[in-house]
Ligand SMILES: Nc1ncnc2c1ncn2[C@@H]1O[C@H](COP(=O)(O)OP(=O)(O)OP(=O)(O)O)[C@@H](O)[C@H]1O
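Only one chain is shown below, in structure tokens, and it's the form predicted alone.
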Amino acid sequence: MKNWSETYRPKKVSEVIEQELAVEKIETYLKKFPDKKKSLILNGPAGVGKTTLVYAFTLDLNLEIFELNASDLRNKASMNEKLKPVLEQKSLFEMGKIILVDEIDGISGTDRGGISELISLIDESKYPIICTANDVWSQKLSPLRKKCEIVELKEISPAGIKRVLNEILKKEKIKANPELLNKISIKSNGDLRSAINDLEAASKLGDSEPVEVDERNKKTDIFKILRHIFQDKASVEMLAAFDKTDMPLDEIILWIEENIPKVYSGTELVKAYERLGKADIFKGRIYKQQYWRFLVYENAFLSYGISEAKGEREKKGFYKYGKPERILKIWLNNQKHAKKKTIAEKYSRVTHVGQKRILKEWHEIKNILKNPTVQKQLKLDSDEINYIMKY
């Protein structure tokens, strides 16, 4: 017996909610294929309808579909074995055909030749190829992005999820519990499939047991957050941009500082740095005066403030975001200092000289430490010896 998420999966494109822009782009792609881009990548979080949308188009347009998962496409050999015959085989009953490659970001960094072979097959394909991804912006997919048009699917709103849940309950002839529906709709965090699964599980418990609904953990990596702030249209929702990452705000400041000049220029660059400076001022006040209520202002300047520096518009194109060099330099410096300190501790125990004096006279003592006999007496490990010889 099918679960509700399968039973009530949309069968028509018109039944897919809140993805109007994606529907329009897929429709245009299928009409104009094979002009321009030879493939699409539907990008978005889990449970928003990426795979469902492709199947709905095949039903609406009476097309045949062949679905492959990224796990089937680990390398060039498996790609040729499973995907190439599908591309070469004529469609049954002279129907049109769509090739669906699901969860393309599931190809790991250790897979050999999978991405490059997929690109070659996209060039050769007589049929439209549509891929799906939860995060198309990972480095390993960079060559594929150049060959594909990226279509972003958004999270479903709580109101949209609640509407779908109510329709399912009516079809199942089950009385709705408004409080439970609100809880599921909000805690699903835009994942419609998980919301339907939670509703089905709750319906089986009935009213006899209390229902606990866990919030869907959808932590977002810093690169997605940077793209959201720097490239999307500025909105009030951006004030919650950092809520979906475990990274502390102090570290986020460094990431934003590092990447501002990679995206902004001219007056927008000046505005962005001005707002970054104001965020830093509030950060200083928080630490100095312990006024934690200022945290909301620091967050506002870093999120909405930085985004609005470009004006209320989207910023198209692909930008290569990078990790902050300052963090790397600080880390390397700390590592060097820590290594020097452990060597000084060992030297102090043998010679009975204070550690402060050893560190102060390090340049002279370092020459003594280069002697292999001394290294052996101090029982220095290979990392400590490498440090002495290098620095």
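Sequential numbering from 1, following the sequence displayed. Everything numeric in this text was worked out from a predicted model, so none of it was measured.
Beyond the structure shown, there is the form predicted together with the ligand, which is absent from this document and is the topic of what follows.
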Problem - Sole residue of Gln231, Thr245, Asn166, Asn134 within 4.5 Å of the ligand in the predicted bound form, by heavy atom - result: Asn134
Fill in the blank from the handout: Answer key: of Glu257, Glu117, Glu308, Glu103, within 4.5 Å of the ligand in the predicted bound form (heavy atoms) is Glu103
Problem - in the predicted bound form, segment of 192-200, 309-317, 233-241, 120-128 with a heavy atom within 4.5 Å of the ligand - result: 192-200
Practice task
Classify Leu302 as contacting or not contacting the ligand in the predicted bound form by the rule of any non-hydrogen atom within 4.5 angstroms, answering yes or no.
Solution key: no
Exercise for the section: Flag Thr52 as yes or no: does it have a non-hydrogen atom within 4.5 angstroms of any non-hydrogen atom of the ligand in the predicted bound form? Expected result: yes
Handout entry: 4.5 angstroms heavy atom contact with the ligand in the predicted bound form for Pro45
Key = yes
Practice task
Could you confirm whether Tyr8 comes within 4.5 Å of the ligand in the predicted bound form, counting heavy atoms only?
Solution key: yes
Practice task
Given the ligand in the predicted bound form, answer whether the residues Asp35, Ser39 and Leu144 all have a heavy atom inside 4.5 Å of it.
Solution key: no
Handout entry: Residues within 4.5 Å of the ligand in the predicted bound form, restricted to 361-391 and counted by heavy atom
Key = none
Handout entry: Note on Phe318-Val23 C-alpha separation in the predicted bound form, which departs from the shown form by 3 angstroms or more
Key = farther
Handout entry: Cα-Cα trend for Phe318 and Thr132, given that in the predicted bound form the distance shifts by 3 Å or more
Key = closer
